[in-house]
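Here's a solo chain for you in structure tokens, the form predicted alone.
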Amino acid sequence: MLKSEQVFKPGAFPDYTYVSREFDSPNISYELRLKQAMKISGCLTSLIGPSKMGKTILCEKVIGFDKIVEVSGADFTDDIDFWDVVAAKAGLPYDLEVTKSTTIKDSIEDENYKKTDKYRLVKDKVIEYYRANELVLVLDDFHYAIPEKREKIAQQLKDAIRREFKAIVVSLPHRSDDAIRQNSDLSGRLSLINIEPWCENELKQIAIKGFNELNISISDKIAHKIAVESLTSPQLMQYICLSICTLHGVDEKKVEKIDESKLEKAYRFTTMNFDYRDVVNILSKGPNTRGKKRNIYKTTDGQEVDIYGLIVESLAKNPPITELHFNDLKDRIDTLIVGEEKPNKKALRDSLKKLQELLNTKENIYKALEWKDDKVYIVDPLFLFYLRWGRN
């Protein structure tokens, strides 16, 4: 008898609930497209898609756990060598120490002396190791590397792929103008794969397949509701379904069907896995005012907040959207406010710009949203889910 945690696996490969998806046109699966890309010698694969969309899971499905070497863009700092990281992640130390026993002849005691030599692997040896063992480098969250480092990494990869070093660079869609896709030196040497957000019908399949494995009935209506709240993220769908199982006690007793009345409790229960309190506080407070008073607005739910608080509250409202155009954001904010006084467009744009400047100085966990090209992007769907269900 399967346990719920074996079926619904938010942080690992979903053996029982894996859903294969297809491009809209032509009808080719993402798995087949990635297999094709991996067969093209001398090409670098650029895999772009929103956060928590299963990009790494796709790589694991196609390439296999034992052949993937996963590295994060955050692993690369100013003073660290690219090949240091690539070698170490594969279990191949870049700096090697070799101890040899050497006999010194003609000495009085004719003893054996131990001599330690330290040398550094050249990148050619690292590339050869990857090739010989059929390893594939998956450089995840490439956008987390600082811009200067991205350029250097692109240069290293350009030379490596010519020697049939296989690599996949994973990044976010609104960062697609980074050092990889816009690099003229890589022109003609890129295999481009754009991962689209999951639609509700695709997400529903996770719930339907999973609960079928547990011999539990789930209606199409309930599966649809969970899919909407999953914000296009299969990982979030897995989290919610696992919470539903826990609340129903499916591992302790026989459960025949999912109770719709427990859904909202399951959403709130799920947010206990996510700690975004500090992120929400930073966004709500905004940058330092330096003594200047901000306008305070009263909202329809009785709060009194400034313009930064309005931005946060507007993101949490229905319908849940991970990309919000400026005009839509302005409409949401205006609807939130009680009274005639509303922030004008210039004030809102200035506040969004200052908020982005503040987030640029913070650690990666605080970069849950991004203001760019007249849009607010929710980079992390788990953060938006927390905004909607984790603060009450």
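Note that this is a predicted model, so its numbers are computed, not measured. Numbers for residues come from their place in the sequence shown, where the first is 1.
Although it is not shown, the form predicted in complex with a small molecule is what the next lines describe.
Q: Using 4.5 Å between non-hydrogen atoms, is I57 touching the small molecule in the predicted complex?
A: Yes, I57 is a contact residue.
Q: Please run the contact check for S351 against the small molecule in the predicted complex: heavy atoms, 4.5 angstroms, yes or no?
A: No.
Q: Do V19 and the small molecule share at least one heavy atom pair within 4.5 Å in the predicted complex?
A: Judged by the heavy-atom cut-off of 4.5 Å, V19 is in contact with the small molecule in the predicted complex.
Q: Considering only heavy atoms, tell me if L157 and the small molecule come within 4.5 Å of each other in the predicted complex.
A: Looking in the predicted complex, residue contacts with the small molecule do not include L157, since no heavy atom lies within 4.5 Å.
Q: Which among 230 to 238, 72 to 80, 246 to 254, 299 to 307 is in contact with the small molecule in the predicted complex, heavy atoms within 4.5 angstroms?
A: Contact-bearing stretch, as computed: 230 to 238.
Q: Can we say G11, S51 and I206 each have a non-hydrogen atom within 4.5 Å of the small molecule in the predicted complex?
A: The answer is yes; G11, S51 and I206 each reach the small molecule.
Q: By the heavy atom within 4.5 Å rule, which residue out of Y276, W198, F211, Y130 makes contact with the small molecule in the predicted complex?
A: None of the other options qualify; the answer is W198.
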